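Okay, so here's just one chain, in structure tokens, the form predicted alone.
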């Protein structure tokens, strides 16, 4: 009966057309390894974004002396809001506003030098919602030096030789690892895509010059170049990210250049040129969307490489000492392996392994999803 209805139907159903990225998404969903890597990356990103709310020595929300404050949110607000300048501007405008506290900041004059833990349980702090882990990554606990993992002490992953909570440092270390990976690869992607697009489309002397510059930059040993830069500048995450970004664009340049050369002679590009469309518009609107796909695979692998470079530098003592880093924890644990302090190397080692594996699995899944030979 169904066959008869289908034959009599004047408009039989046809499969709906799919664009390129819809096909890639469908292929990626079928890749078990790629999806595992994707969901691990999602967990890592959420952990990094919520780090101040997961591990902190300040409450998330509190009622102190009758005022509602949000001390843990200072990590999201203090970096972007100039509280002191704002307060001065309010005075200069002669507004009758001079608050004794800043609700999303760490500047609370009422505390008088005390920490939030010291006022916890007092009459002035009438309500507080604390993070699940009530330790700051740089907070010292003199009573718990080199403590093994223990739930009774409140240090579930133990402490280091300075009494800092390992779990808190692992959570906040996710912010450092992903920041270095994403920002450095973002810088390299912008440079590589811009130069590759220019070299592939313009060609001629521009292509030759940029290709030779790329070959020279590829000869730079990235790891030792970062060490040399740190030797002259103050060790910081910003310097590491800049160096990684400024020397890591060569692979993306070659990918984009090759794709642009392939698209350069296609009919829609020739037609756009014949219609007098500006060159920049052809490059950005016509060629780039069809040439950028392989770069996403390179970005996934590049983030894993940047994370490994940062942890290696911190392991060797060339990282930023002011931020929690997985490599620094492993380096510290190396001196205490003989004393049975296995947690200083095992937990950060697992974090590094899982992060690198996730980005590599996702990169391989993207590569397979974009390969037309593997499509069903």
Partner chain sequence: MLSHAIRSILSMIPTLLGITLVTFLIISLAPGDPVATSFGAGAGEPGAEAGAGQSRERLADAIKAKKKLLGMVREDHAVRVWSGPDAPVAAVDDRTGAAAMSALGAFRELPGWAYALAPRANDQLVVGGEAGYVLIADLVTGAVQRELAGGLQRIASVATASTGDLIAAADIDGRIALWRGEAVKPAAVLEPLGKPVRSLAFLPDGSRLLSACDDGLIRLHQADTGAVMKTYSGHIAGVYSLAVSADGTGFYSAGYDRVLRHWRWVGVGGEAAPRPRFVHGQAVNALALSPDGSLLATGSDDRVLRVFAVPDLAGDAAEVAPAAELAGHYREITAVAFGAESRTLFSGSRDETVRSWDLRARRQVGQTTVATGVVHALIGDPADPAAVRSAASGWVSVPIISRYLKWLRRVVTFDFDRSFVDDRKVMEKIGAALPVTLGLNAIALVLIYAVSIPLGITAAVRRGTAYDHVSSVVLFVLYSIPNFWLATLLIMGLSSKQTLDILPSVGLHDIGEQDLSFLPWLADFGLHLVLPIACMVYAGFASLSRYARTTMLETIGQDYIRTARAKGLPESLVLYKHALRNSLITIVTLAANLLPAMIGGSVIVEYIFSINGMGKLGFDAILARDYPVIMAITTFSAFLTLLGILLSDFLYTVVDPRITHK
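Please read all numbers here as calculations on a predicted model, not as lab measurements. Positions refer to the first chain, counted from 1.
There is another form of the same protein, the form predicted in complex with the partner chain; it is not shown, and what comes next is about it.
Q: Using heavy atoms only and a 4.5 Å cut-off, decide whether all three of 338, 349 and 356 touch the partner chain in the predicted complex.
A: Judged in the predicted complex, 338, 349 and 356 all sit within 4.5 Å of the partner chain.
Q: Residue-level question: is residue 142 within 4.5 Å of the partner chain in the predicted complex, judged on heavy atoms?
A: Flag for residue 142 set to no.
Q: Tell me, yes or no, whether residue 330 is in contact with the partner chain in the predicted complex, where a contact means a heavy atom of each within 4.5 Å.
A: Looking in the predicted complex, residue contacts with the partner chain include residue 330, since a heavy atom lies within 4.5 Å.
Q: If we define contact as a non-hydrogen atom of the residue within 4.5 angstroms of the partner, is residue 219 a contact of the partner chain in the predicted complex?
A: Result yes; residue 219 sits at the interface with the partner chain in the predicted complex.
Q: Is there a non-hydrogen atom of residue 238 within 4.5 angstroms of a non-hydrogen atom of the partner chain in the predicted complex?
A: Although the partner chain is absent here, residue 238 would stay clear of it in the predicted complex, with no heavy atoms inside 4.5 Å.
Q: Exactly one stretch in 207 to 215, 168 to 176, 123 to 131, 256 to 264 has heavy atoms within 4.5 Å of the partner chain in the predicted complex; which is it?
A: In the other structure, the partner sits against 207 to 215.
Q: Can you pick the one in 228, 190, 202, 284 that has a heavy atom within 4.5 Å of the partner chain in the predicted complex?
A: Exactly one residue meets the criterion: 228.
Q: To verify the annotation, which of these, 323, 308, 53, 44, has a non-hydrogen atom within 4.5 Å of the partner chain in the predicted complex?
A: Contact check passes for 308.
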